[in-house]
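Listed next as structure tokens is one chain, alone, in the form predicted on its own.
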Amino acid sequence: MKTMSKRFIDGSRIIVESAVRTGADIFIGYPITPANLIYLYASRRFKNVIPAPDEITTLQWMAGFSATGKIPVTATSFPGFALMVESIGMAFMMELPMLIILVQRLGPSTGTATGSAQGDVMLVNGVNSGGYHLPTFCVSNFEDCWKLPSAAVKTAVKLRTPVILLTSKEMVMTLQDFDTDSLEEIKPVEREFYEGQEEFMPYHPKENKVPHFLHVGNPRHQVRMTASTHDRKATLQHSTQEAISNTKRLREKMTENLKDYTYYDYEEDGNENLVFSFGTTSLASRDAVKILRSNGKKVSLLVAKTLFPIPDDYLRIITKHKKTVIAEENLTGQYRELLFGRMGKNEVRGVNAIGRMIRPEEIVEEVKR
């Protein structure tokens, strides 16, 4: 990141810079707090920026640009994301690459626009009818604000899918002193388009379950896309074997390629205690682990950066430890419930809060309990 220097900076600017350098080439958005700084910086860095009249239009336009071979990006918060949901499902079914940055704020509904939260975990988990996950990354610090948007754009292209980058008000609006010179150079995404002479079949999968991509308007082949149940040629089908196989493939391509986009930090320190967190809460978790270790306690740390689909690695790591404390800034422990259900699991405990950030001392207390 040679053109930037050490400065007082927020995560919004780093996220935008990362997406642009990776090859995202158009930003479409509708302003909403606390995602407005991303909109502002995007208007300065993207070559093409289109203000949409609302969030539904935003996603529809993104789908159109994606179909023409562009890599669109938007940023929003819960009220806007809620309006986008149907179109996200459409883009998922049509297998259109795009990046959706979801900045969490205190809800429900319009809630508190400038209040931090991690309350959209269940929302993102269930965004698609049928339980089909979108790859979802979550930034835990400014280094992630640089690395994960790039990874998200590349995953969107590689898997032909919308990807969600989950963050929160604190990460994108809070200024920190940060050495941007320490960041590694980002390589632009390499795009591959169908070059065969035979008829282009837009949903004929390669070995990795992902179909070739070819944009509409190309001079060589007709390109058909649809959000309805379809066969490999994008011909609408009711429930033929080929069409249902294609629908199942949408999940398979996410799970079978999951190792390629699984990101997390794991600091192993014995097998007694594990602190598990994600997003801004991981900052408190890292401090809590330092406090505990300074007092002679063995504590491992797991910071999840790929939230969905849930990597098996998380369960494997948790199982290794006798006690796990999962810290997240929502009322009920949403990710903990997704991992272990409403019945929970012995020796897995939660530290939760709404309307404020979790303090390291709360995590320390729960580990000692």
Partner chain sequence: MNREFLSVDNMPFCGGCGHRTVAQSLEKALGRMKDLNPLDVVVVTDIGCIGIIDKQFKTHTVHGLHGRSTALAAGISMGLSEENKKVITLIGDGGATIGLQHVIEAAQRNIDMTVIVHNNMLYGMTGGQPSGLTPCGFKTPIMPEGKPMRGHDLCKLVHAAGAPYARRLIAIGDFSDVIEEALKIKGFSFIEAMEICPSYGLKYNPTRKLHEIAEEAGLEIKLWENKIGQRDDNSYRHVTINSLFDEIQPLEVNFKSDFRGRYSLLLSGSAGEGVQSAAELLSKAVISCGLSATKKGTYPVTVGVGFSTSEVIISSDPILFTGISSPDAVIVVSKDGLNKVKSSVSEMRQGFLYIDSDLNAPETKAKILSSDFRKPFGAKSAALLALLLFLSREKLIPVEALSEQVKASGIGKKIDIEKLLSCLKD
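Numbering follows the first chain given and starts at 1. No experiment lies behind these values; they were computed from the predicted model shown.
Another form, the form predicted together with its partner chain, is not on view; read the next lines as being about it.
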Proximity to its partner chain in the model of the complex, single hit among Leu315, Val49, Leu338, Leu331 (heavy atom within 4.5 Å): Val49
One residue of Val210, Leu123, Met90, Leu292 in contact with its partner chain, assessed in the model of the complex (non-hydrogen atom, 4.5 angstroms): Met90
4.5 Å heavy atom contact, Asp177 and its partner chain in the model of the complex: yes
Touches its partner chain in the model of the complex: Val216 (any heavy atom, 4.5 Å): yes
4.5 Å heavy atom contact, Lys169 to its partner chain in the model of the complex: yes
Touches its partner chain in the model of the complex: Thr57 (any heavy atom, 4.5 Å): yes
Heavy atom distance at most 4.5 Å to its partner chain in the model of the complex, all of Lys70, Ala113 and Thr226: yes
In the model of the complex, segment of 250-258, 81-89, 153-161, 123-131 with a heavy atom within 4.5 Å of its partner chain: 81-89
Heavy atom contacts to its partner chain in the model of the complex at 4.5 Å, residues of 331-369 in sequence order: Met357, Ile358, Arg359, Pro360, Glu361
